[in-house]
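Have a look below at one chain only, the form predicted on its own, in structure tokens format.
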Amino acid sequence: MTVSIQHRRSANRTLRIVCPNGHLGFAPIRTGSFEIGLRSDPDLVCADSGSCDIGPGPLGQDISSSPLAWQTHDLERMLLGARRLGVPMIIGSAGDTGANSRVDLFVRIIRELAEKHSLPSFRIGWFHSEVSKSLIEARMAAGETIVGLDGRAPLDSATLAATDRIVAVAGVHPYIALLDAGADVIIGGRSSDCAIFAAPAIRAGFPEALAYYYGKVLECSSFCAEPYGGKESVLGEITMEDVKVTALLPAQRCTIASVAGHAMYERATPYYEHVLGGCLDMSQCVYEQYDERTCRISGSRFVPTAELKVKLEGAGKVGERFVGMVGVRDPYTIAHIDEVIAWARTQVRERFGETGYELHYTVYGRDGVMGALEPLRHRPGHELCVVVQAIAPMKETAEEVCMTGLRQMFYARLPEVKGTAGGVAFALDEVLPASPAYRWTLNHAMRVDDPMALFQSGLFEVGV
């Protein structure tokens, strides 16, 4: 195999992973940079396929947020590339949520792709991450506290009862076990993003501190490169002393700024990443420009925990939902938009009472994105878009509440208004059915004695 100069391995012992997509299936892999990665002598091809970013709805409904065609496209590109090279392929948090049905979906797609392309025999390993409410109920009944994360209260019976589906967030352990068992392709349930990449590195004997950083920097693929380019591939290399990450798209580069910035991305504190079994400490990391498109990182630390706690994510249904929109251009109405909304709310209360539904107004052009944190709230734009959402147990109620809450904005009576034409314009005459509304019910941690206790796995052979 020919390896280009900029992708040549370091002189010492290494493990190389190509990551083609920071969220497999969410938008299709860019195949050009992925093919460059496949020519760069990787030991594995790995990708994360799930995220809390999509909200609680897909987990609660047990669906994917990504189109099946996009998921199949990405799995096909990765599978054909990995089988061509004869290297393992790992997918974590399958199907956006990592729920059991999503793992089973991805396993089925791999089976179908193996048959479609008449691939030589290989072994698929998988594991499930769903946790039954009865197991948690039993633990709570025995007096165990399921602690809340990020300021949440400990789990109580009412919150658990309002939950439709729960997944546990796996660490490196099921991936290592399946690699040890000889899996060529692994489809994992809900997992810590960095564990997907850290697992093969830890299994190969690299330091945990570097392995978990390796996973952290690779899991979002080209998000650690500049200029921004979604769904491009990156190449990671770990040694006993450092981690290197290289942008594979020729127009991109991994720099000190882009990699350090990504390491601090999506976290309450910039330096720490918690996983099952410990915490990655990035506060002493050293970033160096290794070559034009490669950043070298050293100095990460890993602090094991005395007690094993697995994160639990749960979603529960709030109700059916309808959405409507109005545009506002009239300066007087913009200046009194809160009074317009208050009028509409009053009309809804008069018809439906105070309870049994939810009615939400989001004012884009004023504070629709940042809400109360918006520093320019009192300086709205010259035009606004108000999104109205109604949620109720029954679709018919949600639709009528939304219609009332929307149309009454047109009829709002404001002081000094003499005309009857209304001060808002309907983006659409009707309100639109939306996906049911769900909320995150569980963001908690539960003690386990065995890091594999909540994760059931299997292994079988497919192909010709």
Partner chain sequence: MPSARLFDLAKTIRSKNAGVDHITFDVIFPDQATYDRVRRSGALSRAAISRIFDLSADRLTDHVEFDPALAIKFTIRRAVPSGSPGDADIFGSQQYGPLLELEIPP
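Residue numbers count along the first chain shown, from 1. In this text, the rigid core denotes the largest set of C-alpha atoms whose superposition between the two forms falls within 1.5 Å. Only a predicted model underlies this, so the values are computations on that prediction, with no experimental measurement involved.
Absent from the display: the form predicted in complex with the partner chain. The rest refers to it.
In the model of the complex, none of the heavy atoms of residue 117 sits within 4.5 Å of a heavy atom of the partner chain. Although the partner is absent here, residue 318 lies within 4.5 Å of the partner chain in the model of the complex, judged by heavy atoms. Residue contact check for residue 150: one or more of its heavy atoms lie within 4.5 Å of the partner chain in the model of the complex.
In the model of the complex, none of the heavy atoms of residue 134 sits within 4.5 Å of a heavy atom of the partner chain.
Between 235-243, 270-278, 201-209, 97-105, the stretch whose residues reach within 4.5 angstroms of the partner chain in the model of the complex through a non-hydrogen atom is 270-278. Here is the short version: of 164, 358, 288, 76, the single residue with a heavy atom within 4.5 Å of the partner chain in the model of the complex is 358. Put simply, of 391, 146, 384, 160 only one has a heavy atom within 4.5 Å of the partner chain in the model of the complex, and it is 391.
For the candidate spot formed by 85, 229 and 302, no residue has a non-hydrogen atom within 4.5 angstroms of the partner chain in the model of the complex. Along 425-461, these residues reach a heavy atom to within 4.5 Å of the partner chain in the model of the complex: 437, 438, 439, 440, 443. Relative to the superposed core, residue 369 undergoes a Cα shift of 2 Å or more between the shown form and the other one.
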